[in-house]
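Before any questions on binding or motion, here is one chain by itself as structure tokens, the form predicted on its own.
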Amino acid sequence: MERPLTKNIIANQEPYDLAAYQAVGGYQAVLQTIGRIDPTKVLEIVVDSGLGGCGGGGFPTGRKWQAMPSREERPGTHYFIVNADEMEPGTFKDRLLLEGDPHQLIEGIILSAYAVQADHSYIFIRGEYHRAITLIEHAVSEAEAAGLLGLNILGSGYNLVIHVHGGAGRYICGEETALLNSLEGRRAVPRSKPPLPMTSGLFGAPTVVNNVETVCNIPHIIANGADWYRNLGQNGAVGTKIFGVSGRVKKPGAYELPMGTPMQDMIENYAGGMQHGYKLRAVLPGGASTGFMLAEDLDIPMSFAAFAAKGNRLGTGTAIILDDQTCPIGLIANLQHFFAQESCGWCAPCRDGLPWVERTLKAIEIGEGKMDDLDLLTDISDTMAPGRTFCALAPGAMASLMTGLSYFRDEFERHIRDGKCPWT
């Protein structure tokens, strides 16, 4: 099984420096592409590969890039932004890539920026990722000293400057337009769309924003071709993805697997199955902003299309396991506490609704809830459904609540009827 994204990552060892990365083929795609292949051809390869955005949405990367105007259409500065503001609860795949193989990201940025003809790039890293920031800054310095970044890269006439920016610490900055506002020194709130960032992004200039994992795929796609990448997947999916597993499994962690791998296979054969004495009850398949799936539904292939067909989302692909000895209401309440704290406060349904949900769930958890609260939670969740808030934060927060109300209704009613949490 090929694992292009993680092949250079060795547990408990420092990441490759520039020389070591080049010794295993690093930057060969840059040497063979910059100034040698037309940027439109690089873009065409990415389109043909079928690469989807790995930040949670799965939107085709090449199509996103195609929406950015050319330099002939829009002269001036163009930006390529890497979203490394990884704050989704239960998600840790980007940290693995940032700390485990920083030069892979830098090579991906060079090729991606070249394809869209951007001359400035920002890596917006979660502020708490101190080690990642240090490693990425060092990798950028090494690449600059080797002539792989800066002015007239490899004598090609192409210029690219990379800036490393530590974020201010808000979950909402994972939303690309809030990230852009933060970079501009403004309040981190989402922007109204249209215009999309591709036409009017950072400082009003054409801008593409992509997630870390997405960008790390680019060197391998350019080096090996679109067909190679498409053939890495299973069950109609393309490529590989880093999937994570947390909870009471024997081997929690991150695993690079073919897209389309059944979730049950990942949990049993890679994460080692459940720890002794615990049974798997349900899974949040892609981080905290996805809906619950019951144990009997885990034969689903892990792909964006397969999950959409089931009315759920693959999200970041990082599964949070709910076992039979953990209170589902307590888990949901904990997630709502996070989302209520992280709301940017821009729109009323999210600003006022999420704290209301959190207070109601906490009351139920400690035995102070009422049966009417369940109807109230359903109504509030509907108020924060997709299309009724300014961005996707509140609808994502409601995914675990809505599915939880459906799957664990008996537990909600038992908390209220008995006046306590049965797991305490």
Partner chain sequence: MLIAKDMMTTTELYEIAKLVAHYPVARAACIDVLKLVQKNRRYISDDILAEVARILGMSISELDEVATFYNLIYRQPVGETVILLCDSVTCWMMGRNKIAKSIMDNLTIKDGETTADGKYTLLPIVCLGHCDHAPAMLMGQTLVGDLDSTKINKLLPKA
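Quick caveat: nothing in here was measured; it's all calculated off a predicted structure. Residue numbers count along the first chain shown, from 1.
Absent from the display: the form predicted together with the partner chain. The rest refers to it.
Proximity of 87, 128 and 165 to the partner chain in the predicted complex is complete: all three residues have a non-hydrogen atom within 4.5 angstroms. Among 257, 135, 306, 321, the residue placing a heavy atom within 4.5 Å of the partner chain in the predicted complex is 321. With the partner omitted from this view, the residue of 271, 183, 237, 198 that lies near the partner chain in the predicted complex is 183 [heavy atom within 4.5 Å]. Among residues of the shown chain, residue 158 is not one whose heavy atoms approach the partner chain to within 4.5 Å in the predicted complex. Among residues of the shown chain, residue 150 is not one whose heavy atoms approach the partner chain to within 4.5 Å in the predicted complex. Although the partner is absent here, residue 79 lies within 4.5 Å of the partner chain in the predicted complex, judged by heavy atoms. In the predicted complex, residue 246 approaches the partner chain with a heavy atom inside 4.5 Å. Only one segment in the set 67-75, 262-270, 296-304, 339-347 has any non-hydrogen atom within 4.5 angstroms of the partner chain in the predicted complex, and it is 339-347.
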